[in-house]
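One chain follows as structure tokens, the form predicted alone.
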Amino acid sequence: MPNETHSEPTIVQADVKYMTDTGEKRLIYIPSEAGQDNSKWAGRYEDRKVEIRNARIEPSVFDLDTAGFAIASQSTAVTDFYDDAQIADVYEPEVAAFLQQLTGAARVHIFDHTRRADSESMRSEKVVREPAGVIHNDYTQASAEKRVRDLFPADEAEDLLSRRFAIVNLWRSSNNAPIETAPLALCDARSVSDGDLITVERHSKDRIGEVQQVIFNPDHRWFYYPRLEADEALLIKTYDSATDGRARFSVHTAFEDPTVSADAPPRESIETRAFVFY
């Protein structure tokens, strides 16, 4: 199990960025290109100061089907997360095997990796993206199903969509160091109502999809894992086709932890997205 001997605060208070519901019918998000801080978010936003609890010492149990997120120990043989060959040849088989064992899925298919850094100079040097500082979830039902159809032949896609499937992100440090700056705040799915979620079009260079953004609800319960270690994996379920009461989405955002030292090394991370087919 992950290390639970950390001495970080029980609760921090920090600003997180919510969307304001203006009634606009069509909202568009354009993600940044790697190495450039040029994301464009339509709509209006407001910073809200919220309590973010240390999930390591919270008595609640967090797992993918209840909270929508979880933490697990997951070592890797990768020595350079900026090496595409190692990602394809070493990391992807590791993650696929890990997720299949963890979820009991019949099949796991990895389809995307996003590297990020909390340093402008590092983003330019490594050609990676900035931390995502707006509360969001990566998929809607429509965009999750579209992603399956985009990546598999038509007959196979329809067969896969006829059964339960999920999309799980595996998020971790990518520089063999704990994550201190710009950690992820995760909202317990049990505290999020359908009415809190707003569908936003996501326009990238090669496709159009959808994400969910979030309006403020005082019932939201926020958590984080301070100093995520290099051998820890944060799992985030961004979509589940099951409608039996389990968590279907998991909203999250990077935030500025006020307890982190000003000279803490900037975060470097990689998030891997995978289809989990049952």
Ligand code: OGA
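Predicted model only: the values in this text are computed from it and were never measured. Heads up: residue numbers just count along the shown sequence, starting at 1.
Here the subject shifts to the form predicted in complex with this ligand, a form of this protein not shown in this document.
At a distance threshold of 4.5 angstroms between non-hydrogen atoms, Ser173 is out of contact with this ligand in the predicted bound form.
Using a 4.5 Å cutoff between non-hydrogen atoms, Asn169 counts as a contact of this ligand in the predicted bound form. Taking the partner from elsewhere, Ala132 is found to have a heavy atom lying within 4.5 Å of this ligand in the predicted bound form. For His136, a non-hydrogen atom is located within 4.5 Å of this ligand in the predicted bound form, even though that partner is not displayed. With the partner omitted from this view, the residue of Arg202, Arg147, His113, Arg116 that lies near this ligand in the predicted bound form is Arg116 [heavy atom within 4.5 Å].
Contact with this ligand in the predicted bound form, judged as any non-hydrogen atom within 4.5 angstroms, is confined among 248-256, 208-216, 43-51, 64-72 to 248-256.
Counting a residue when any of its non-hydrogen atoms is within 4.5 Å of this ligand in the predicted bound form, the hits in 251-278 run His252, Ala254, Arg267, Ser269, Glu271, Arg273.
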